[in-house]
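A lone chain, given as structure tokens: the form predicted on its own.
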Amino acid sequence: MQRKIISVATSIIEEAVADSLEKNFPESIGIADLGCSSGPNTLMVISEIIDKVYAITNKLGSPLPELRISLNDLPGNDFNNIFISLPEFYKKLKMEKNIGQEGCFISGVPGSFYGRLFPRKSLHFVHSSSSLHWLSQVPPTLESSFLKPLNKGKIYISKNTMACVLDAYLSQFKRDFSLFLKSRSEEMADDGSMVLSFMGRVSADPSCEESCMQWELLAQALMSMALEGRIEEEKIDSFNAPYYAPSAMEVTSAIEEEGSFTITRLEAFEIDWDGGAPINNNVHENPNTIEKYYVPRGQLFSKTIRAVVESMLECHFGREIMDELFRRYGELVDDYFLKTRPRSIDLVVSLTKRGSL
């Protein structure tokens, strides 16, 4: 699913890189990927950016500028896994584009992007995918209501969510996103470009299925375990996801209010929960036998979500229930697949930093 999200934004990323280089072609280009993670998709966008810069310089007959590439994520990210993959990455760059390690400098930058990470005016292009829907924290109002939970039986926004909970989530998103934009504006060169993609919605209703159903089904799985006495219901009441899927209008409003960037493009893409993979992809071979077995789509999607949210759930509910929780979650998702074609909304926004006055 994350690879699909990156792929739908490719043309917008390439357009933004080209526009940035047309306005400013320095000898050394600063590029940052924020929320890079450490899986097979980590170097995917960086490869595409390098390809675009290489193509533009070839077209213009100009020498390739030095590429200063910064990969950012939280300190707990597995940067070692990224670094281990770099020799092969450099080898491929050398073979395909004759770009040696002396022309492409890749570093890891641990830290929250809700704050400064880089020196002033050191970046020319910034990218972030599948990260900005994560808030810096649970809205404080929800955290302080432990004795009288405002979001009882839920872990995110739902159809029955009270207005005060909706307001708390939106306020936290606005604070975080504004700080993100302000921090990047100080770090980016004038006319630098930024492409951000994150989960959102086209509906004005924050409780619409396209932005909430993944969490609603996870809450149902938790509540089924509470009914059987496997976990305490109070534990569910006291957990709220540090997540918000904003509307396109909310994103536009936040950018205009902060004032450092001009919106070049803002598009919404529908993304199937399973990434649009053919059903045949669910047939797997047992490595120990010649037999093949079918993995239900719900279980595959459950694994995708588990990879993202298990660590925060484990801290709150304990490791011992994780296998059972995600098994139940997969079954609920399977039932949901039978009723509809589940989709999420991926918002992609391309921004240009306004020049200094």
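All residue numbers are counted from 1 along the displayed sequence. Computed from a predicted structure; not experimentally measured.
Keep in mind that the form predicted in complex with a small molecule is not shown, yet the notes after this line are about it.
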| query | finding |
| --- | --- |
| Distance check, S158 to the small molecule in the predicted complex, heavy atom within 4.5 Å | no |
| Partner contact for S211 in the predicted complex: the small molecule, 4.5 angstroms, heavy atom | no |
| Any non-hydrogen atom of V8 within 4.5 angstroms of the small molecule in the predicted complex | no |
| 4.5 angstroms heavy atom contact with the small molecule in the predicted complex for G111 | yes |
| Interface segment, criterion being heavy atoms within 4.5 Å of the small molecule in the predicted complex, picked from 69-77, 161-169, 211-219, 248-256 | 69-77 |
| The small molecule in the predicted complex: contacted by all of F125, S178 and S185, heavy atom 4.5 Å | no |
| Heavy atom within 4.5 Å of the small molecule in the predicted complex - the one residue of C36, V53, I29, L325 that qualifies | C36 |
